[in-house]
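Shown next as structure tokens: one chain only, the form predicted on its own.
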């Protein structure tokens, strides 16, 4: 990397929070001036991005046998408070509806902070025998949480508008465990499609979802060195089934409570996509999910009039193959068009001037690298599609390279504390497995324990707190 490029990257990191807010505005993803704190408006361009991301998730879930449903927003207080541990986890975040018009309600209604307590009473009605299992459903809804910390668009919200939650019920603990692992694979495929790198951890006991036996989480890194949780998976065991009476009849006629899982994502996946692929110019969207994959810009000179006609035909030819193409025929300077579309993160720009028309070619510019090259009109469609595929692959590889470079092995509290003070990414440290040592690591280093790294076999090392032999690796980071 050249010195100038490195300095540019560093400015993006050092002013990341401001960069992120400006990027969402310049790219017209969300409008942040809605007059309620923590609520935002999805703009047309941002909504197209959101829908393309969700389309990937829907396809992955449906291929694995999940069916989409839609449950009510309001949850009666008596149902919500049935699972004591669950309500303790959310009691400070719930919005309550107490009136209907001028009348006080007999039973308060919660605006769902998540949907276990609204979905599982219905599971109890639907599940009767082993033939009804497994049951796998999902929904994409808005949820409400009274967020008391500083809110941030797409990251920390009071209304989460893109909450995908899947809920499953199974006959045996083994089936539920297999579903957890299947959910891990679904999420890995999903984030790989977005080109978003991730670490997978088993959350520590003190950060497990309220009511779950254990929780897994996917985390990515923002450019400022903090982690962002972008997906969670929970093995609920029989905890909710026992509270809500979700039983099934076995083949021998006996009855047993089902075993359950749930897993969710939110609009943080949009934030992660922006973070993973941005630069000083703004976002750079992978062609897979970009609302517009190609912008075609005619560059006429003086009395040349056929450049716009040729450019329009090129745009129509590409659009006819299913590509998402925008033709920009506005009567403004080409440079201004380039500036605007770069800030919208459009992966590929095609420029057509008199020289291109005469040469039977288009000048092509990649948003991710800035590389300019020529494509012949004779091979336009296959070459453009090949380029878009290459951009997807290159962006994913670049993001993973940056992520890997910001994960380090440290074994001393002093070293970890220094890394946390400079937000130097994710630290992998040896851990004895004891909760007290994990909590002390948080206290002494100023970082947050993400949990035990899934699928990472620990060899050697001592716990930085008690010096006992390490049983696993624990990930520590500053978090959003």
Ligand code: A5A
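All of these numbers come straight from a predicted model, not from anything done at the bench. Numbering follows the first chain given and starts at 1.
Keep in mind that the form predicted in complex with this ligand is not shown, yet the notes after this line are about it.
With the partner omitted from this view, the residue of 137, 314, 160, 127 that lies near this ligand in the predicted complex is 160 [heavy atom within 4.5 Å].
Among 307, 179, 229, 364, the residue placing a heavy atom within 4.5 Å of this ligand in the predicted complex is 229. Using a 4.5 angstroms threshold between heavy atoms, residue 147 counts as touching this ligand in the predicted complex. In the predicted complex, none of the heavy atoms of residue 353 sits within 4.5 Å of a heavy atom of this ligand. At a distance threshold of 4.5 angstroms between non-hydrogen atoms, residue 326 is out of contact with this ligand in the predicted complex. When contacts are judged by a 4.5 Å heavy atom cut-off, residue 266 counts as touching this ligand in the predicted complex. Within 4.5 Å of this ligand in the predicted complex, a heavy atom is found for not a single one of 75, 95 and 112. Partner contacts here mean any heavy atom within 4.5 Å of this ligand in the predicted complex, and among 246 to 254, 369 to 377, 231 to 239, 129 to 137 they occur only in 231 to 239.
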